[in-house]
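First structure 1, then structure 2: two forms of the same chain, each alone, as structure tokens.
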Structure 1
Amino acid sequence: MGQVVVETTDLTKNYGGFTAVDKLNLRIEEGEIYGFLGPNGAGKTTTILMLLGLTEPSSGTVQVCGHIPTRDPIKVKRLVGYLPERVGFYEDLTAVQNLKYTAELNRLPRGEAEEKIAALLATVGLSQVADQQVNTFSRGMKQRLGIADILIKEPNLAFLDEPTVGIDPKGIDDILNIITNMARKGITIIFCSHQLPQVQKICTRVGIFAKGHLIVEGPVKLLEKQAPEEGQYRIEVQVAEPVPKLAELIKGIKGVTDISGPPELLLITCSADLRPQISRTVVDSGSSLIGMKIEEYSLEKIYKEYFHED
């Protein structure tokens, strides 16, 4: 059992009569990558702001790294990095100058800061543009710079509020990799997103938020098993020269519940991992099998269920 890094009890935030976060009880331990998953307006950002002490909770208590954020803001902010939802930089300054400022605010000695900045820009893949003004940066480049900006203070805990929004698939993979590496170095991470696959990919634990409530919480693996129905799988099968009745043949396999898509790219839904049976059927039918991909699909189901609740 690791040390508790974030702990809230009955944390609540009201805006006028509207409750954005309702009696939230969270407990996050050192080294976790915790996913905040939820639709727009669920209260994810509000929760983070309260954890950072940038917003006063209406009631309930917060402890971050052993401190109360509204009482000891400086101590908390020294240990915590925050990548805001739409991170911004001083547009007229270069990437390096922006990071230098952050380093200075964190009282890093100048020489040390310069070395570190160069190394971090390499980590996030921005070495080429280190001395370009930020106003020439694309959305994804700013997002990467934001991650470097967090890493410079060597936090114990990092809040990443939707770090992958507006980034191309390759960029997303890069960023998710950087995040996993951060976690490996011992940084506890809270990762906010409404992209289930990303959360599934990197998080050790997820909490699903809706309307200010934490609906379900648990390790990703466990949640998948907890699915209302038995675990379901979706298998994508890519076929060359399909024989006409291939779809029917596959449908005949026991356990297959649904099949869709064009004959060259079949999407098969089934209740178990039926890849061996399916590949045999394809080959036996005289078609050639090019590839197969399996997607676990039960967490998505939970997620969707809660999202479509209203």
Structure 2
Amino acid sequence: MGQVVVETTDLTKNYGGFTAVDKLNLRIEEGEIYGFLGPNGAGKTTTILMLLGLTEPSSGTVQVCGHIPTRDPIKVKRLVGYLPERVGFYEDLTAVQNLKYTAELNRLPRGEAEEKIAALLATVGLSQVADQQVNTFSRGMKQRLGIADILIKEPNLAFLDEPTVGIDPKGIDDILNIITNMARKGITIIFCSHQLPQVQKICTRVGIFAKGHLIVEGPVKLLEKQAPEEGQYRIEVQVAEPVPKLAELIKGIKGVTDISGPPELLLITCSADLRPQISRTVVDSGSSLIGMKIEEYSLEKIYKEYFHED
């Protein structure tokens, strides 16, 4: 078990008669990249506001980096970075000037700040535009600058809200690599995104929120097993000279929930990876097995299972 960076116990936030967050129990450890998922209105933003100390919980407890956010807001702000979905800078200042301002707010010595700013701009791929005004930057460039702005104060925890929206594929890969490297250096990341393949690619764990509740949490592999629909794997089987009863024989394998397609190309849904049992059944039947492909549940499919009624 690593050092706990975020911990909540029965954390609740009410607005009049509406409960935005209901008895949330959350534990996030150092160096994790934790994916915050859920539809709009699920309670994610309210949770983040409470973790940042920007709104008071109605009940329950919350600790961030060992501090209570509403009791020690200055200490929490020094240890936490936040990249909003639409990051704001002084548009008429250059990238360097914006970062110098942040360094001054965090009381970094001038010489140290200049070295750090140059290194961070190189890290996020903005060295060539360091002296350009931010009003000339694309959205992706501003997102990169926002990450550099967070890293200036060497935070223990960073909240990243949709950090790749509006960015080209190459830029997305660059930012995901930067985030992964942040975690490798011990920075804990809370990654809020609707880009589920990106979440699946870099997050160590995810939590899915709905109507103020954390309805499921864990590594994606574990969520595959917890998904509410039974079939979790789809196996494509290509067969030459299939015997007439092949589909019926495969359907008799324990764990097979559905089978479709023509005899030469069967699509099999099952609750586990049953390729050994399926291949044995095909061969034992006298049919010729040409090939098999498996498709595991992606995070997107798991997500849709939980919100298929929404």
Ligand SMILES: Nc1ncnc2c1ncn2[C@@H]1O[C@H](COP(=O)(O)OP(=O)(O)OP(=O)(O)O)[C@@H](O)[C@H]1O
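Heads up, when I say rigid core I mean the largest set of C-alphas that superpose within 1.5 Å between the two forms. All figures in this text were calculated on a predicted structure; none of them were measured in a lab. Here, residue number means position along structure 1's sequence, counting from 1.
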Shown alone, the chain in the form predicted in complex with the named molecule appears as structure 1
When the two forms are laid on each other by their rigid core, does residue 182 show a Cα shift of 2 Å or more between structures 1 and 2? no
When the rigid core is used for the superposition, does residue 238 move between structures 1 and 2 (threshold: C-alpha shift of 2 Å or more)? yes
Requested in this report: State yes or no: after fitting on the rigid core, is the Cα displacement of residue 211 between structures 1 and 2 at least 2 Å?
Outcome: yes
For residue 265, the CA shift between structures 1 and 2 after fitting the core, in Å, is 15.7
Superposed on rigid core, residue 41 CA travels between structures 1 and 2 a distance in Å of 3.0
